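The chain below stands alone, shown as structure tokens; this is the form predicted on its own.
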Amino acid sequence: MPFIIEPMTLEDVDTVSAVEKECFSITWPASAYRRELRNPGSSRYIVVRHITDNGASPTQMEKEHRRSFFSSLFPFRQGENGHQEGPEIVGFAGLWLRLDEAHVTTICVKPEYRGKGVGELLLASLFDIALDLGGSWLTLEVRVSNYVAQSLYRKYGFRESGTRRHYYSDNGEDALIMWSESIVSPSFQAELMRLKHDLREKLTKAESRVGQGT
């Protein structure tokens, strides 16, 4: 199952908004994404695309996307691929950098693509982006009931540091505040490399099974 990571563009916003509505009861207006993309400052937004052949010979664009698949993921390279119509956007993510703290603003994956490594792919890419921007830590909020997301974050070294009471306006649910360890430390860099290697293996096997029709 081939995926690629690209910078979010203004042309992606309508699709991103539609994906977000599939995932969350509280969503940003499309104008907020457009404002962020027009005035990026220390914010970055990315999309993950899924390429399918549907049994037909791949187009030249799809071949280019396949070749760029692994190189575009590890590390993420801002603007490497550029916007191209075609492959479906199945998720997106973003962060803000404040001083040396990178705040994860969103990670969103279409429901039918959950459990396939897409969310982990987005998270791993955010670490690369934060490092590229000069960040030293990542922080985020997550619903107290979202155990799946919490498990992924803990896998990447996030730990709870507090609670925001009644943080979510749709149902008044609390949010856990989670922080990574120092992402510039040698120990974390070694662990991140291991996790990315394992993710690469997982996605490679998934792509191979699809190619074999299994």
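Everything numeric here is computed off the predicted structure, so don't read it as measured data. Residue indices: 1-based, along the sequence shown.
This protein has a second form, the form predicted in complex with a small molecule, left out of what is shown; the following refers to that one.
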Looking at E141, D100, D132, E88, which has any heavy atom no more than 4.5 Å from the small molecule in the model of the complex? E141
Is C108 one of the residues lying within 4.5 Å of the small molecule in the model of the complex, judged by heavy atom distances? yes
Does the small molecule get within 4.5 angstroms of any non-hydrogen atom of C23 in the model of the complex? yes
Please determine whether Y113 contacts the small molecule in the model of the complex, using a 4.5 Å cut-off between heavy atoms. yes
Indicate whether the small molecule has at least one heavy atom within 4.5 Å of a heavy atom of S151 in the model of the complex. yes
Which of 143-151, 159-167, 37-45, 182-190 lies within 4.5 Å of the small molecule in the model of the complex, heavy atoms considered? The stretch 143-151
